[in-house]
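Starting off, we have a lone chain in the form predicted on its own, written out as structure tokens.
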């Protein structure tokens, strides 16, 4: 937009100063320079992360003052969160510990990484935690964590805190006791874990999946079965965890994927307006994100920002399995989701640099 020359330089400066005095900003000045910070792709290595997470057990104890012992995956340039909408953190619970019961408006998921003998109670339903399990703690549901085992328990927390904070809708409440009463054990799995079947007499009316606990054995079975049928050129064998009642994403603001990049597969690149946080559950390989190569192995974490070109490569002789949380439901509900393939160079980006960490 061209600025008219009806005012001289001094008059134009006075005009802008007058607007600034009353906090009125012309939309044609510095447009686009004061938005959200650009998010760069980043990778955290499990070999570096795990020792520090375990060491945190010597620093703090989960109690009423320190609600949760967590270490955030802090993407450079962001004041809070791991992307502009999502926060990922590693939580540690030692044997004999309890993370007190509370509830909050931000929604959370737990992706179990290591350990045994711990459980999460969600709205009275006791969910035994095992590596590869996905547990939901939807918005404003009571939840606490207890470790009755003999080894440390580590899991990935995924929350929509940055989004809820931006919308000024963050609320929190503590349960009167450290733990809520356990009403049932695995009730949501027994009711809704069959997938296409549910109790005929129930009318489910909650804004999230009534299945709170997705067990690894069934997830892996579904993934292996799909591998024998079809695959995506961009993600290879990918499954979205779904609400068994609606068939949609498990939560309103987040969806979760599990995907297999088979041995020898090099996917094609694409980009979309959703951001992703990945955890390498098994195997090794690398991803090319906006031309930069990110080598990963079991346990690592990496971020794919919104509208970043990305593709995955597995040059090993064994399958690689990636778990991810994504903000796709937000973008789709607002009509802002778009996706496009990379069309040059047979669908693969040239590698211009390598992430060294």
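Because the structure is a prediction, the values reported are computed rather than measured. Under this definition, the rigid core comprises the largest set of C-alpha atoms superposing within 1.5 Å between the forms. Positions refer to the first chain, counted from 1.
The same protein also exists as the form predicted in complex with another copy of the chain; that form is not shown, yet it is the one meant from here on.
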**Partner-proximal stretch of 116-124, 238-246, 144-152, 277-285 relative to another copy of the chain in the predicted bound form, 4.5 angstroms, heavy atom** = 238-246
**Whether 69, 231 and 336 all lie within 4.5 angstroms of another copy of the chain in the predicted bound form by heavy atom** = yes
**Complete:** None of 308, 313, 49, 321 but one has a heavy atom within 4.5 Å of another copy of the chain in the predicted bound form; the exception is 49
**Fill in**
Among 263, 169, 206, 183, just one has a heavy atom within 4.5 Å of another copy of the chain in the predicted bound form, namely 169
**Prompt:** Hey, in the predicted bound form, does residue 267 get a heavy atom within 4.5 angstroms of another copy of the chain?
**Reply:** no
**Prompt:** Can you check whether residue 76 is within 4.5 Å of another copy of the chain in the predicted bound form, heavy atom basis?
**Reply:** yes
**Message:** So, residue 291 and another copy of the chain: in the predicted bound form, are they within 4.5 Å at any heavy atom pair?
**Reply:** no
**Asked** Does another copy of the chain get within 4.5 angstroms of any non-hydrogen atom of residue 330 in the predicted bound form?
**Response** yes
**Message:** At 4.5 Å, heavy atom to heavy atom, what parts of 249-264 sit next to another copy of the chain in the predicted bound form? List them in sequence order, or say none.
**Reply:** 252, 253, 257
**Request:** Return yes or no for residue 339: a CA shift of at least 2 Å between this form and the one not shown, with the rigid core superposed?
**Result:** no
